[in-house]
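Quick heads-up: it's one chain on its own, the form predicted alone, in structure tokens.
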Amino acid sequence: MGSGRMPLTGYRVAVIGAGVGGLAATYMLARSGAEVAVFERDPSPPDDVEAAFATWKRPGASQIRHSHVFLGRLRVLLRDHYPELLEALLLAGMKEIRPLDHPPPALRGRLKPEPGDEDLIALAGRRVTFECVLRRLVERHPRVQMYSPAAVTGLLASPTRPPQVSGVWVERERGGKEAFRCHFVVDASGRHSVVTRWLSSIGCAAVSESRESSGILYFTRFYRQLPNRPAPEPGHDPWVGDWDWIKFAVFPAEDGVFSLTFAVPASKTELKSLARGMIFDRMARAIPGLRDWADAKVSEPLKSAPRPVEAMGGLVNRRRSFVVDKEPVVLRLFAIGDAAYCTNPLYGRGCSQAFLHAHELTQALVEANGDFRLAAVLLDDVARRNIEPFYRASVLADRDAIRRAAGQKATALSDRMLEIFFRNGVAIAMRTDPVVYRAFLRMINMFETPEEAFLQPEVIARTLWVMGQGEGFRRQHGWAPPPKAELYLAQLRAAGRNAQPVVH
């Protein structure tokens, strides 16, 4: 910002929620000169990351001990604008994942360096580690005041049209309710945000909202590699897979820790038994791409995990728009992250979207220079361009997954053709063709939407070439057809499934 006056100097801000989005917004706004108060319902974490992973009670962010990946889009944002945070994360043990250095077998030795490759690098680590490191950085900032635990219970507002928010009602740990007045409020309270209820209570017009169930249950188990046992090397069998009736993935983290995650259709109630550690391990060791990771000679379950398996349900895709026909429905309130765009965590975009949203909020406020209507419109415009396409992609992917899990075929000709193109074409071309592989990496790291990545003329042409090579080529380079669910369910029943754990 240089040595002159920072653009948000003189503003007093309330941020609701100290998750990744709230902490990011707090840090960015404070760096720009604002005085920021953060209100977090959950208690503060222990100082030590390992203690936080083992004991921190975080009901407001039930996903905190599930698998996470911090995508290339986020790492580039840190590299270019917040290098001190990137450095702190790496010092804490998080590591950079460079998929171009470990491509599928058919591409080894065939990938020549290209401009932009330096962006296709993700960060690997536990969500607890990321959040604790970010929180320490935020708490040290002289213009930040952290209140935790402290619950925001409503908004202060003047009865204009549209209403203008002037603060929040806060309940502190000692009891009682008090008003905190400020120039604007940021709702970063996550997927459990009740901001629409608060807005209704101050006479706000209805917020535009879309909502669909993701149709999945989510199970995660953490492991640690045994001493002197290196991580498995990539091979023919994928570490990420979709068998229609179950999805699975490996997530490397820091200090030899990694997690395995299963996502199963909510309709497959028998698979709720994956919430038991023994059943989870048996399933992991039965899947070729996970077997080398879950081998008892390679790793053991992480002893510090508070539960053997973390289970999560009720996952939705939800979009809220606070600007309708270019007019904000409320002024001086900005919702970011999952409070505005909530997507299926299976696609790993949540933290990256929240951080990007916080960055764009700060940019909009600086550009608007005190015009809160303009700031709302600017933020809405940039979110529709940079975040909303990934929300739509998540909705479409989940609809397709629900259909396939039910054993139903696509009815529309265009849908059937797209399914053939992606399943018989892209899924193999990205393992055999350098251009399609890079398109996949750009998409998975949020630099391009699926349509932008895979519907480019060159990518289409190369994919069609692969599809024309015939069944022998597909068998050589593709993945084996998904096995039937019953084969695996029989193994789980044989392992002694006696109860149906409750998914929370």
Ligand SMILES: Cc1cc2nc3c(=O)[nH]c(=O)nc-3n(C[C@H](O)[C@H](O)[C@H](O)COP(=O)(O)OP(=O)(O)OC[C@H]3O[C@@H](n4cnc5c(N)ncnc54)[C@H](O)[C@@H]3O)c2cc1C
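Quick caveat: nothing in here was measured; it's all calculated off a predicted structure. Start at 1 and count along the sequence shown; that's the residue number.
What comes next is about the form predicted in complex with this ligand, which is not displayed.
Query - in the predicted bound form, the one of Phe280, Trp198, Tyr391, Trp245 near this ligand [non-hydrogen atom within 4.5 angstroms] - result: So the residue touching this ligand in the predicted bound form, by this definition, is Trp198.
Query raised in the report: Here the chain is shown alone; which of Ala188, Leu361, Leu274, Leu260 has a heavy atom within 4.5 Å of this ligand in the predicted bound form?
Result: Only one listed residue qualifies here, and that residue is Ala188.
Report task. Would you mind picking out the stretch of 203-211, 341-349, 366-374, 174-182 that comes within 4.5 angstroms of this ligand in the predicted bound form, counting non-hydrogen atoms? Result -> It is the stretch 341-349.
Requested in this report: State yes or no: in the predicted bound form, is some non-hydrogen atom of Ser67 no more than 4.5 angstroms from a non-hydrogen atom of this ligand?
Outcome: Output for Ser67 is yes: heavy atoms within 4.5 Å of this ligand.
Query raised in the report: Does the 4.5 Å heavy atom contact test between Tyr218 and this ligand in the predicted bound form come out positive?
Result: Judged by the heavy-atom cut-off of 4.5 Å, Tyr218 is in contact with this ligand in the predicted bound form.
Report task. May I ask you to state whether Phe251 is within 4.5 Å of this ligand in the predicted bound form, using heavy atom distances? Result -> Residue-level check for Phe251: yes, a contact with this ligand.
Query raised in the report: If you check in the predicted bound form, is Ala150 within 4.5 Å of this ligand, heavy atoms only?
Result: Ala150: contacts this ligand in the predicted bound form.
Query raised in the report: Within 101-129, which residues have a heavy atom closer than or equal to 4.5 Å from this ligand in the predicted bound form?
Result: The stretch touches the partner through Arg127 alone.
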